[in-house]
Every structure is written in C-alpha cells, then in structure tokens.
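Next comes just one chain, in structure tokens: the form predicted alone.
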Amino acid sequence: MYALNRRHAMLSGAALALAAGSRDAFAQSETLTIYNGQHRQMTDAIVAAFTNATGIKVVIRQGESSQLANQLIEEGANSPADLFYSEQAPPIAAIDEKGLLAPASAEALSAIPANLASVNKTWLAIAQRCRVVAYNKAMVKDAELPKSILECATPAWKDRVGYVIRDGFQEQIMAIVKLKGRDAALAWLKGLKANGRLYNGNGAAMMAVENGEIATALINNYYWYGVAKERGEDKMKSALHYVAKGDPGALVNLSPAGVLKTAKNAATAQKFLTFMVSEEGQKAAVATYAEYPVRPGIVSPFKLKPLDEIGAIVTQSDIGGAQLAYDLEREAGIL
C-alpha cells in the first residue's frame, strides 16, 4: 500500500510539475500590451504586482491619454493594444463611443461601486482624484479663499490664479456646463484667460504656488501630496482648499481602463483589468500616488479628505467624451 501511495504521489507531483511548467511556459509566451495615459509610476506598480502574481509579461506604451485615444481610433482593428488605461475619463469615453471597447468582466465590475463604471459596462475606474485650489498660505488669507470655482476667473483674482488646460480641466468645464449652463462655462474660460496665468502642467502650477510665484492654482489633489511627501507636510508653504459642496469645483474625476474589442490577448486583458481592482492591485495603485481607491475597504496611505465631505454632484455620465469642453476652449481662445 505504501509503495502504491508513494508511486501515486510521485506521479501526481510529476503531473503538477508538468502543469506548472505548462502554465509558466504559457505565461512566458504571452505578452499583454497596454496603452497607458495614466502616470507611469502608478501603472508600473500595478503591472509589477500582476506579473509577480501571474508570470505574465506586460508591455506599456506610454503617452497622453487623448493622443492614445486618437491613435486607437486611427489604428482600429490593426491596433496592437489589448487594454487602454486612461488618466481621465473623456478619452476612454470617446473610444467607447466609437464602439472599440469590449464589455468588462462581471468579476471586475463586481469589485467596485456600480457608479464607477460606464453605463454600458465597457470601462471602469481604477482610481479617483478630486479638483482643488492649491494656495500659498502667506499670499492668501483663509477668509479670501473662494467658495465657488467661478470666483477664480473674476478680476478679484487678477494675476493670482494659475490654471492648466489638461488633466481634469475639460471635466471641470463640463461640470460648470452641467450645473450653471454653457454660457457660464464660456464666461469662466474667458475670465481665466483674462485674469489667470496658464501653466503647462499641474506639477508646474503646484510648484509655482509652493514657491510663491502665484497665490493659487487649480489642480488635482495628488500633486500637493507628492510635494508634501518629499518635503514633509509641516514644511509646506501651501495648502489645499476645497470649494463648497455642490459647486462645479467640487468635482471627483476618474482614471478608467477598458479592454479593446480587437485585443489579441482578450482573456488575459480581462484578467489584468480584474487584477487592477483586486485588493492587491488597488493597494499597489494608491501606494504610489495620492489618488483615491475605487475598491471598498482599501485605505490610502495618504491623509486624504474623505470623498463624502467633498460633495461632488456631477458624475462621469454627465461629462461623457467632453467634446463640448474643447469647443468652448476654442471659442474662448484658450485652446
């Protein structure tokens, strides 16, 4: 009996080893291709955790989200991309409107609240960030801080507000359209052009505030945390201001991902998408940037203002592909 059991164990072990070898060989022969508009450091962290867990290699093609979306539309069925991870929702909404995305897996969708996925369930949020007003504490008194984002485009803030026409700006315009109307959004843009100072990136605007070059800037929250992580929060000369609940400036934006219909590795792409919203994937994502997790139960290592205290009432379904935002920017002469 002992001999039979031993032989069975040896055969089972050989079978398991063969199966493991086959799995490893399969994993090593498979390479997933991601078009990535999200911050590279965050995506690298998720990919490293995924490859460590599965052995599957991932190739990242980095670029601006809007440029990658246009590239996907031009490439069509010939695209090598398996999955698109966008820094903002409008670019992925734009390719979704072209019918380029496959339905997300039920397992991935079930990991997050339903309102963090597209209406037709083709893409889902991986992380969230909110719009804020960064201000230099020595240049702006607390009593002066704006209650509405609309105030920032008035002559009262002449040469005291910085803005960036990317990475959350189009969503901001659409939030104003939704809550105040098209004319109000156009007037806000014209006001910013007349009274504000344009920066080429959120990081540059954040540092301008921190260094006292300008009093305030309209940015995403995590840029402040990035500087604070390096310098120490107690040494920061700037702080974050959140406008009143229900205002267009109280806005939460999404960084979403979706699998391409033409994915050469569709099953693996769905596996990666599910991993992105798994407990392990979410921990890897929020450890690098002060963005909010989307999976319930995951806590950011950064001291973030709770989302329910921000009071955003405009959702991604209100914003869509944000084409109107680009039209208004051209009309205002900003773009």
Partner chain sequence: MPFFYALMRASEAGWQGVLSELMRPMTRELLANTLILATSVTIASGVMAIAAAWCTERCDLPARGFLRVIASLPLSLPAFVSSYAWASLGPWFQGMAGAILILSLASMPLIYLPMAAALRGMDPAFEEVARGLGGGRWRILLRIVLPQAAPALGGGALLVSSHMLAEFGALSFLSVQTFTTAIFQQYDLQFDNASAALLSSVLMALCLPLAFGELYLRKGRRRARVARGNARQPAPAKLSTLQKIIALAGFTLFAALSVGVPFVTMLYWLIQGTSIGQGVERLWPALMGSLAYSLPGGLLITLLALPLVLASMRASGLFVVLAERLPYLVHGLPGLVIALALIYVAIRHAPMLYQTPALVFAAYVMLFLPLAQSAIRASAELIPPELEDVARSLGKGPITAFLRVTLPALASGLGASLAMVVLQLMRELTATLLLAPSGVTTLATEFWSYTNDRAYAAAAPFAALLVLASGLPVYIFTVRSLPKS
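This structure is a prediction, so every number in the text was calculated from the model and none was measured. Positions refer to the first chain, counted from 1.
As for the form predicted in complex with the partner chain, it is not shown, yet the points below apply to it.
- Only one of Glu144, Glu107, Glu233, Glu75 lies close to the partner chain in the model of the complex, with a heavy atom inside 4.5 Å, and it is Glu75.
- His39 is the sole member of Lys271, Arg295, His39, Lys283 with a non-hydrogen atom lying within 4.5 angstroms of the partner chain in the model of the complex.
- Proximity of Asp183, Leu186 and Asn195 to the partner chain in the model of the complex is absent: no residue of the three has a non-hydrogen atom within 4.5 angstroms.
- For the partner chain in the model of the complex, the listed stretch (245-253, 261-269, 223-231, 144-152) containing residues with heavy atoms inside 4.5 Å is 223-231.
- Using a 4.5 angstroms limit between non-hydrogen atoms, Ala48 is distant from the partner chain in the model of the complex.
- In the model of the complex, Arg166 approaches the partner chain with a heavy atom inside 4.5 Å.
- Among heavy atoms of Arg61, some come within 4.5 Å of the partner chain in the model of the complex.
- At the 4.5 Å threshold, heavy atoms of Val277 stay clear of the partner chain in the model of the complex, well away from it.
- Along 67-87, these residues reach a heavy atom to within 4.5 Å of the partner chain in the model of the complex: Gln67, Ala69, Asn70, Gln71, Ile73, Glu74, Glu75, Asn78, Pro80.
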